[in-house]
Structure formats: C-alpha cells, structure tokens
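Only one chain is given next, in structure tokens, and it is the form predicted alone.
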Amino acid sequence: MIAETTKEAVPAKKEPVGAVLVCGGGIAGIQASLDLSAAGFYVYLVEESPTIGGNMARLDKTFPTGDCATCIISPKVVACMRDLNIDVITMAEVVKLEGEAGNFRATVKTRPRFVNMDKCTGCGDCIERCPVRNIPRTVFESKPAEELDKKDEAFLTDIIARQQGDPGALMPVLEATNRVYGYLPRGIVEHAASRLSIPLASALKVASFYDKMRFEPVGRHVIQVCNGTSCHSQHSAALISLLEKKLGVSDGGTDKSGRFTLRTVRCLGLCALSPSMRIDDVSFGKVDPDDIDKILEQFS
C-alpha cells in the first residue's frame, strides 16, 4: 500500500508580495510561473505527473513554423527549475482550497517517490533495480568470447591505460574505438567491459544510446539525409530515393566500393535550409537533386 503525504502551500517568510499557487506544469503553467516570479511573487507550481513540460515535451515539431518543440520548451523548463522563487511540486494534486480571494490556503497531497530527490540525478538506475517492478537477479561476470589479435590488444591496452583511475572511462574508450575503427567491434567492446569491471549489457546500453556509435562497419564517408517534418515537406523522400539509386543501397547500407554509407535521420538542425543532408561533418542545405553528383565528387 502506497503511503500518502501532504504539503501545505504557504507564503515564504521573506516574500513581501505574497505567494501564488499554479496548477499544471505544462507550457502555460511554466510561463505563468516565470512571469509571476518576475513580478515578485513566490510560486508553488503543482503538477500531477512526475515531470513538468506537459504535452509540448512530447512533440517533435510545432505548427506552423516547424520549429523544434524541445528547443522552445527546454530553456523555459531549466529557468523554472533554477528559479529560487518557484517551488516545483510534482506527483501532487490540490485536495483542498480554503479562504477567500487574495487569501487562500491550499492543501497539496504529494505521492511518494521512494527516492531522495536531493540526491537524484535522473540516471534511471532505480527503475531497473526497483524490487516492486523487477525481480532482483545476480549479475554474473561476462567473459569475452574470443581473444583479441595483437593489433586490437595493443590498441585497447593503450587506450585503457590512458583512462586509468577515471570512473567514467567507458565513454572515452568507446569514442576512441569508434573513431579509429569506424564502428565498435564486438570483441573490443567485450574486452573493454571486462577490464573496466562493467557488465557487458551496461556497456552495450551506453554504446547503443549514441547515434554516432555503430556496431557494423561503415563506408569511408557517412551520408545522413534529414527526413524530419520540415525536410519531408520539401521532398526529402525524393532525395533519399535518388541517393539509393545512385549508390545501389537502401537506408543503412554501404555501397560495394565501401565509399559511402547512407542513413536517414529525423533532424540535422537545419530546418530553415530544408531539404538538408550531411556527409561526415560537412552540412548541405537546400539540396537540389541536380547537385548530388557534384556533392558526392567532393568525397573520395
């Protein structure tokens, strides 16, 4: 049975203007809280879900401009969480409101999190280890399936030695491997996880999170074509079809010469230059299908 706690929203002792209760942590509630704080009020922002942001935080683009929803709301969320005059109360609801206009007293019921919010970093490890949702299991040490050849052994030994004593050594090792090999060979990942005393599943989870890290060999150059809302509206699908025809591959494939790997992505951050594409670290905006040959010739 989940226990319930109550929290009464009362004005701060040193606030001369007073306190305001805002119900709902969506974009409107966040903006209202920021405006009230700027006006000198102490704000209690009550939201029933675990996080603020509302439905806008779930969107990809906004109509009609096609702007990135996250780019719009993130600064407001950060400003709201950092504002010393705003007390964000999530997983809560107002259960009682007493008083009269200008002098209300609210009773807010907060649901327990079973997590110390002062120490929480949002890593999500508690969800995986929650004894209520998951059955705890012993994590057995994973051993590499095969030995590394001399070249790979020398590379891994050198890169791990550089990170000696660093608790976050996994990321630099994975980044260096992906940069040198162009992808993450399974054997190197297994040996790296073993030597860093990290479960293989955790190492693979980190590696699979980042778009630039790959588990399969790629061509000398990687073509990324945006197929997000803005680019799609500017006929990026025709651009993708043309590249597939010229290279003789489908999305994610590498041509026979090993020169190009073709990939479609949701956004390149070039919405104002739709349709857009990127080859390695070079971006191209407002790409005309007639210019594709000239663009590809720049990369041998």
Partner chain sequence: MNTAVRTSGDLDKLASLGSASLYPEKVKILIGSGTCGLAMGARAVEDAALATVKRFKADATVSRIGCIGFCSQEPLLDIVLPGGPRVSFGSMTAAKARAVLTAYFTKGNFGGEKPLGRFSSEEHVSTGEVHSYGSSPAAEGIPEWSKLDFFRLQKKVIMRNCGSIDPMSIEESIARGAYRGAQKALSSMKPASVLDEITASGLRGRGGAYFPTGQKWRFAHNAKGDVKYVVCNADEGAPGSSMDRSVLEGDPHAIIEGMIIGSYAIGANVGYVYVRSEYPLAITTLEHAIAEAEKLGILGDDIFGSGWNFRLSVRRGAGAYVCGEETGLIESIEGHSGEPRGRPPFPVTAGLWGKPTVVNNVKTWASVAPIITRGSQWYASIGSKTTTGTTIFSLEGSVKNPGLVEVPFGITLRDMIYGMGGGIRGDKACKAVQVGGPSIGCVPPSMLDLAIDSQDVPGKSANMGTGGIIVMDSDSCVVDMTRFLLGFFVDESCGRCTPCREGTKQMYAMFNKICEGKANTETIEQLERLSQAMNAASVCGLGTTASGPVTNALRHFRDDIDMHIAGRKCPAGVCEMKKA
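Please read these numbers as outputs of a predicted model, since none were measured by experiment. Residue numbers count along the first chain shown, from 1.
Although not depicted, the form predicted together with the partner chain is the subject of the following passage.
Enquirer: Check for me: heavy atom within 4.5 Å of the partner chain in the predicted complex, for each of A19, T62 and A69, yes or no.
Expert: Per the other structure, none of A19, T62 and A69 touch the partner chain.
Enquirer: For P50, is any heavy atom within 4.5 Å of the partner chain in the predicted complex, or not?
Expert: No, no contact at 4.5 Å.
Enquirer: Just to confirm, G187 within 4.5 Å of the partner chain in the predicted complex by heavy atoms?
Expert: No, G187 sits far enough from the partner chain in the predicted complex that none of its heavy atoms falls within 4.5 Å.
Enquirer: Determine whether any heavy atom of V206 comes within 4.5 Å of a heavy atom of the partner chain in the predicted complex, and answer yes or no.
Expert: Yes, V206 sits close enough to the partner chain in the predicted complex that at least one of its heavy atoms falls within 4.5 Å.
Enquirer: Any of the heavy atoms of E98 lying within 4.5 Å of the partner chain in the predicted complex?
Expert: Heavy-atom contact with the partner chain at 4.5 Å: absent for E98.
Enquirer: Looking at 261-269, 241-249, 38-46, 23-31, which one sits within 4.5 Å of the partner chain in the predicted complex if you count heavy atoms only?
Expert: Selected range: 261-269.
Enquirer: Consider the chain as shown here, without its partner, and state which of E128, D158, D166, E147 has a heavy atom within 4.5 Å of the partner chain in the predicted complex.
Expert: Contact with the partner chain in the predicted complex is made by D166 alone.
Enquirer: Which pick from V94, V222, M213, A79 sits with a heavy atom within 4.5 Å of the partner chain in the predicted complex?
Expert: Looking at V94, V222, M213, A79 one by one, just M213 meets the 4.5 Å heavy-atom criterion.
Enquirer: Taking only heavy atoms into account, state which residues of 160-183 are within 4.5 Å of the partner chain in the predicted complex, ordered by sequence.
Expert: Contacting residues: D166, P167, G168, L170, M171, P172, E175, R179.
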